[in-house]
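Consider the single chain below, provided in structure tokens and representing the form predicted on its own.
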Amino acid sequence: MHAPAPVLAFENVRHAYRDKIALRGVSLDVRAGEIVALLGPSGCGKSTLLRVAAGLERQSAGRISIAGRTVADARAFVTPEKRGVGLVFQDYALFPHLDVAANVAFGLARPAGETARATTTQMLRRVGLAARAHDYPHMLSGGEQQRVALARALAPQPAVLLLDEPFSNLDQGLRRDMRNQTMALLKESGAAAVLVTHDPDDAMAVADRIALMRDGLIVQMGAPADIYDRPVDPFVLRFFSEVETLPATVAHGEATTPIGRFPARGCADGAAQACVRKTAFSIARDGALPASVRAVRFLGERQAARIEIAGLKSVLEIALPARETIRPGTTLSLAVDPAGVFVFPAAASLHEERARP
């Protein structure tokens, strides 16, 4: 059985702004009903990739296709309004002089027609705002404005929906609710969706697949659990987790570190680095790793403890459950979960080498 054809496809897409390279050859497919998150730090190229997909900019090289039709390559360029793409901007870009219903109807072919009115009403019901149809954007909360922007983008039934940092202006509690609502609406629409974010929590909560970007390239692509459990290099690991880095020596597939020995699959013998998630530590009554507590900070559900370990010059910070009683000046007996320890070569990662111009 063949996989369905991609609705949105990037093939070796490159782009530059004068002397700054923004995209270095990105290839990516998005299928109908799939949500892909473009994740990465500021300046990594994720927003540029979204803009060239929308047709707001023309890439320097490569090909972009939507529903099997080339919309941008060396010869062709289809304008944004003819691409069948919906856009949700970071600031929502609602028209302040139009009421909610008129904002939602704006992208429809005949916004004043009977069909458009029925579509608008249906979309407002789907986002729970039918009662606010005649209110204006300034009368809405941030979450309500986001829902209007989403309804407007989905009303023309686009094949592709592009969302640029849609949750960044929301507080933490509302952010969680809007992520769930947005994911449900996107799945219901069946559109191929691409969401740009710098927040790993947003990506993990919403996306079917994550494309983690750095320096204009996709470093790693996969389901959230796959990327979290099997990071390809320290950059990927640190993007999703707080870690401490320790010196390690690898011999015969095993790494020796100041906190114990751990599997080092795929690492050559010699010097290496062990990146340890701060949450990998736990208190064990008969643990083999004694540690002296220097300081403790309460952080709600967990607490951060700064500890000293014999044979290690630097102080480590670890995360422990808040229910544990920990006091500065005492000694803990710790255990380390091997699943939270990742061993990488001591030198720069292969990706970092490739990313250099």
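Residue indices: 1-based, along the sequence shown. Values in this document were obtained by computation on a predicted structure and should not be read as measured data.
The same protein has a further form, the form predicted in complex with adenosine-5'-diphosphate, not shown here; the description that follows concerns it.
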| item | value |
| --- | --- |
| Contact of P41 with adenosine-5'-diphosphate in the model of the complex (heavy atom, 4.5 Å) | yes |
| Partner contact for V343 in the model of the complex: adenosine-5'-diphosphate, 4.5 angstroms, heavy atom | no |
| Contact of G45 with adenosine-5'-diphosphate in the model of the complex (heavy atom, 4.5 Å) | yes |
| adenosine-5'-diphosphate contact at A9 in the model of the complex, heavy atom, 4.5 Å | no |
| In the model of the complex, segment of 28 to 36, 305 to 313, 320 to 328, 47 to 55 with a heavy atom within 4.5 Å of adenosine-5'-diphosphate | 47 to 55 |
| Residues within 4.5 Å of adenosine-5'-diphosphate in the model of the complex, restricted to 20 to 39 and counted by heavy atom | K20, A22 |
